[in-house]
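Okay, so here's just one chain, in structure tokens, the form predicted on its own.
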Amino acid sequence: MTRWKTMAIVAAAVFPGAARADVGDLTMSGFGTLGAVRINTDSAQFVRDLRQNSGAGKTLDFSVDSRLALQLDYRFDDAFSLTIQALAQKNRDGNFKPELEWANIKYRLDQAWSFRAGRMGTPLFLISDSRNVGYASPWVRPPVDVYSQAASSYFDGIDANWSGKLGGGTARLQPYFGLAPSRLRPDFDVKLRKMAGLNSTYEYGAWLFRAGYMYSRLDGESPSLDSLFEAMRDVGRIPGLAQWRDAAAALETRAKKTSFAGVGLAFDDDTWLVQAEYTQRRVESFIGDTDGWYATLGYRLGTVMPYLTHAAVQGHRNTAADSLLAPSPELAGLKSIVRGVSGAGTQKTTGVGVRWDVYRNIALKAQFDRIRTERGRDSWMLKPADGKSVNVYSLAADFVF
């Protein structure tokens, strides 16, 4: 079994190489990260994803990447089992209040089919189930440019899983349906309703291929944004300025269509590691469309693996506000605000790092990233660096137990 496959098993929160507590059919396990990060400027703050309201500056910060999770698995019989995972990580409120990441009942029909109901990981990426498990990945954190496009890591609903042999490899299909809530910064609550998707993987030797698609209706609530859209509707009631009302309808987040598609591949022969993903996010509203991708190359020298990653996210321009008439300085100012919140930013990241498996269930990592953001946008890093490059220095100790 390659190390990649071992990490995939860890990703499913099964830790065969780690200490674990078993009481009858009850199993307790977990994972965690102690991370430290700082950047080289006071003009930006580095955050791990869109859920964090504050991030790391020039002072060493231990809150951005640190986390701790505990998982309980209980097997009722050969068919039914229960999984509950609680995860404590820095949230929008700036604290580490534990949150249920997984809480589902699984029914195994036979060797090929199983079904789950409850809270599960949203399968939008190659490492969706393990995006929070630092020990399961080569990096200090999954590439922010790609994984921040979908902030919610879980959904509430049902899924089915099928696996079978195909052409000498193993194919897996996972259709799913449900609801995904998320609390984003600074005051934006999002729900993906009527979420339906299909995740597929194919594993052949050291290769792993993945493709998936998800469609949903997005509802969002934000007091500050609601006030902005209401102001636009008020302007739209002025004769000759009805376009402001239409623009508000186009930008607000009420039952808007959204989709997420991605493909990825990984190769791991215990010496070379190659991993890459390409994703597309499409959202009607001010949030904006994005295309993201990354590629990582690693080479193992015993227990040490240096790696190189390049990632980027391209935000599409939202033109809803561009043609708004602004016959007064006040409306010109309002138009500028609308344009500022419309669409997603663009960012590029180049990083180098090294992972050292110092013990069978402990990995130490050091990583350097150089990030360039789009001037005036703060979609991915809190407080923009005005188009200048930002250096990010990270250290992490990942463990499973």
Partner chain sequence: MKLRHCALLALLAGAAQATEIAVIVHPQAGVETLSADEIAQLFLGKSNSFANGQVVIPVEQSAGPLRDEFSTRALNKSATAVRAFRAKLQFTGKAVAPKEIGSSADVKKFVASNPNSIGYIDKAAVDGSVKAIAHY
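Residue numbers count along the first chain shown, from 1. Small disclaimer: the values here were computed from a predicted structure and weren't measured.
One more form of this protein exists, namely the form predicted together with the partner chain; it is left out here, but the text below deals with it.
Would G353 show up as a contact with the partner chain in the model of the complex if we use heavy atoms at 4.5 Å?
Judged by the heavy-atom cut-off of 4.5 Å, G353 is well away from the partner chain in the model of the complex.
4.5 Å heavy atom contact, S130 to the partner chain in the model of the complex:
Yes, S130 sits close enough to the partner chain in the model of the complex that at least one of its heavy atoms falls within 4.5 Å.
Against the partner chain in the model of the complex, would S328 count as a contact residue? Criterion: heavy atoms within 4.5 Å.
Close contact is absent here: in the model of the complex, S328 is far from the partner chain, nothing within 4.5 Å, heavy atoms only.
So, in the model of the complex, is D270 in contact with the partner chain at a 4.5 angstroms heavy atom limit?
Looking in the model of the complex, residue contacts with the partner chain include D270, since a heavy atom lies within 4.5 Å.
Does each of L251, R339 and R372 have at least one heavy atom within 4.5 Å of the partner chain in the model of the complex?
No, none of the three is in contact.
Which is the contacting stretch out of 58-66, 331-339, 29-37, 44-52, given heavy atoms within 4.5 Å of the partner chain in the model of the complex?
Checking each option against the 4.5 Å cut-off leaves 29-37.
One residue of K106, R282, R92, R245 in contact with the partner chain, assessed in the model of the complex (non-hydrogen atom, 4.5 angstroms):
None of the other options qualify; the answer is K106.
Scan H310, R119, R172, K191 and let me know which has any heavy atom within 4.5 Å of the partner chain in the model of the complex.
So the residue touching the partner chain in the model of the complex, by this definition, is R172.
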